[in-house]
Structure formats: C-alpha cells, structure tokens
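Okay, here we've got a single chain as structure tokens, the form predicted alone, with questions on binding and movement later.
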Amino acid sequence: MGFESKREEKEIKYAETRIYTDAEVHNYTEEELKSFKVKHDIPDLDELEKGPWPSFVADAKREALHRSKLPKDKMLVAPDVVEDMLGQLQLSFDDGETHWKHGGIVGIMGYGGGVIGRYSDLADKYPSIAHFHTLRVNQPASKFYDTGFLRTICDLWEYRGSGMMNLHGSTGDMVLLGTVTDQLEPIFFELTHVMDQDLGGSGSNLRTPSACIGKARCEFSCYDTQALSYELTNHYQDELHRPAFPYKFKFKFDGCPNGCVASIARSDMSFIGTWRDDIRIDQEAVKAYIAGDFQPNGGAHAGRDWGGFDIEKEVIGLCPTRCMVMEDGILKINNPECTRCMHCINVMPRALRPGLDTGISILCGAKAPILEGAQMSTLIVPFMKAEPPYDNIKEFIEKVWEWWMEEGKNRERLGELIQRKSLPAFLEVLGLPPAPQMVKAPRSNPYIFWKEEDVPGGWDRDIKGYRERHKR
C-alpha cells in the first residue's frame, strides 16, 4: 500500500492563484538576453559563465532581465534586486570577504525558526538588497511537487521576493533567496493559508527532515521513507518551529544502504534501510547475467563497449568482505559476513535483491566542518523495525535529545558531544550494549577505563589471590 497523508491535502489550482500572465512570465527573447548587461561591472562573475557546466550567474542574469521587463506594480521588491546582488558578490570577490551580515533568525508571528536574516553592509551602494532575508520552505516527502504548486510559489516569490530560488538546499528545503522584512509576514500568511504549506526549520532547532524517493519508485527501499519522514515532521512540529536546541539537528532518511540523500555524511541522525535475513538470489538470473542476456548495472554503463560481463571481476572480486563465491555454477553468499554495501545488488538487480526481514539502521553524529571538522555518522542501532506508529523510533530520538540538550554546549552538534563525552557515555544514556558494528576503526588508544562495577571484586579485590590464580 502506498504512502498516504493523514490529512486532506489542499489542491493548488494555478488558474486561481496566479499573479502573472503567460506574456509576463515569458517576457524576453534569447536575443535580448545576449545583449543584456547588468548595471554593475562583474568581470569575475562573467568568467563563471564560461565552460561546459550550468552557471548560477547565467540564471541570475535571466532573472534580472525578466524583472526589468515586468510591470512595476507587480513587484513589491525592487526590480534591480538581482543586479545589486550580483554587484555585491563581485565586490566580495574583489575584497576577499563577504558583505552579508547574518541577521540571525528573523521571527514571524508564532514561529521562531524558518527565516534566515541577511543584511548588506553596503546598503548605501546596493539599496535594493539592504534586506535580503532567506526563507526555507518545507519540501514534501521525497520532493514530489505538482506543477500548480510550483507555478504558484514562483509567482509568489517573484511578487514578494527576488524571484531567485534554490532547489534544494543541503537541509532539503526549497530555499527562497532574498526579500525585505516588511514582506515576511505576508509571505508566511500566503504560504500557510493559501498554499497550505509550512516553512522549514532554521536556527537551533530540528531542521526539515529529508527523505529519498523510497518505496514510491525504488525497488531497493527497505522501509517507507516518505511515511517516516512525514510522521516525524508532524510529530515534532514544535521542535521545528521553536528553536530550543544547543544547535541544529537534522534527520535524513535513506531507504537502503545506497544512501541517495547521503544521510551518513549530512545528518545528526541517519535512518538507513537494511535487512537482517539473507540476500534473495535468483540463480537463473545470475546465469543470464553471465551469459550476457541481461545488462549489468541496469544498463547504466551502456555508452561504451566494456566487453563481456565477468562476475568474478565485477562482483565477487569487489565484495569488501569476500563473502561471495561461485561453486558449480551456483552463486553462494555467506550472509553473516555481508556488510550491506549494495554493490552486488546494484550490478545484478534482476538476480539479487535485499532480504524480506527489513528495517533500519540508526546512525548518529554526522556534520559539516564548522567547529570540530567534518564527521561521518557512527552506527548506534544496527537494526530496528520501522513500522507505524514508529513509537520505538520516537523513544530513541527523545533519549538522544534529552542527553544532548542537557550536556551539549552552545553550537555543539550531537556528533561533537559524542566525541567530547565518548561513545561509551552515549551508549550508557541510551541503555545500549556496545557492539562490534559500532567500531569505525581499530582502536588506537591502548587504554580502557573500566568502571568498578565492571571489574569482578571491584577496586578492593584481593590482588594476591588474583596473582595466585594466574601464576606464570
């Protein structure tokens, strides 16, 4: 059964919400674009347009031209806001420092997180970007949009903001770049009342949960990423709306160990789909791959002749634990040794599939390099079932938060707290026994600091008796 919302979703009908006509939306030609020059000299940014890759500068110039030709009564932010943004960016390159002042989190009625304050320190030179606040908008699970929603929000942002958007930020949100303070409340009202849409998280709060496409379209997904993301987003609304944490906290949901949202590298708590039974094997399909009847990797590498498929070289020899072998034309897997790297399944998806006893692994502590450098998540729970109403997962989350909020310093992410207090201290709070899967690398420190209750006889045991029992 597919994922279904618990509440009726509002259908956005663009015919009823639109602000601009088709002629106003498509109001310039490619010839006009070629001859268009922004009002500031931006040589370094012009250089960024060169080369084979798409350029944000080219997109910004399109938007600048578009705004210059829109009716002035159909914009509540200055028409030249994009041009001033480009001019200030060029000056930042020249000076080797940013000219944006972080304004903290700009509050709106009843909501402490969601708007990122930005102010220019060159307001006299670039008046249209004196305020340049950024809004995060809570994206739908797995980023499924319909065109009515997208067109409506584009019109809204053209009218009340700069027209520039980022799909999507590292948190996952749709990011609306640049508006003035006076427009924040009207934008928030229209998002919530007209579009039935919430802001995303900003500041020291729960950031917007982000999920891969999951069971909606992926046959490898081991749990319903959309359902879990939706449930936790709604259940923890207060943590999203009102910053009360030591610092930001991110959930990300990967349906399988392929990690398409990179949760292991980008989230304080990663939920990665896994299985605890055996990989399913279709031996006839294995033979078909070997015979060349099926293309390996789902045909992803079909642009060149790589020669015949070699299962020893391309699958068995690349298994990190060497847990696979061909014997008498039969593929055998020593499943207890499998680390769920997904390589064999990715190469031969018609022959190999994840097991049927599925759930999640929970990892904690990933972050970008702000204070203590970049960190990857540490495996904390090797396997847990992920089924509605997800009470087992919520119980785990709240134990983690209680410890982090009690012990965490200001601007200290969960991973940094674990690093400072130690993994054993974290496991003790969670009531979990240490497990080999939690070890990232062989121990470099030869000392283990035991607790008295872990030592038979405690600290006052009879050492003479011990030595008597262990004579050389």
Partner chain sequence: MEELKKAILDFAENSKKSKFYFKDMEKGVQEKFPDAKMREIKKAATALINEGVLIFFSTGSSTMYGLKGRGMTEDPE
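Numbering follows the first chain given and starts at 1. All of these numbers come straight from a predicted model, not from anything done at the bench.
The discussion below concerns the form predicted in complex with the partner chain, not included here.
The partner is not drawn, yet in the model of the complex one stretch among 359-367, 257-265, 81-89, 196-204 has residues with heavy atoms inside 4.5 Å of the partner chain: 196-204. The partner is absent here; in the model of the complex, the one residue of Ala425, Met405, Ala58, Val439 having a heavy atom within 4.5 Å of the partner chain is Met405.
The partner is absent here; in the model of the complex, the one residue of Pro389, Gly110, Gly373, Gly308 having a heavy atom within 4.5 Å of the partner chain is Gly110. For His99, no non-hydrogen atom is located within 4.5 Å of the partner chain in the model of the complex, even though that partner is not displayed. A residue is said to contact a partner when one of its heavy atoms sits within 4.5 Å of a partner heavy atom; Glu190 fails this definition for the partner chain in the model of the complex, lying far away. Although the partner is absent here, Arg160 lies well away from the partner chain in the model of the complex, with no heavy atom inside 4.5 Å.
The closest non-hydrogen atom of Phe396 lies beyond 4.5 Å of the partner chain in the model of the complex. Contact here is defined as any heavy atom lying within 4.5 Å of the partner chain in the model of the complex, and by that definition not a single one of Glu314, Gly317 and Arg353 is a contact residue. Heavy atoms closer than or equal to 4.5 Å to the partner chain in the model of the complex belong, across 86-109, to the residues Lys101, His102, Gly103, Gly104, Ile105, Val106, Met109, ordered by sequence position.
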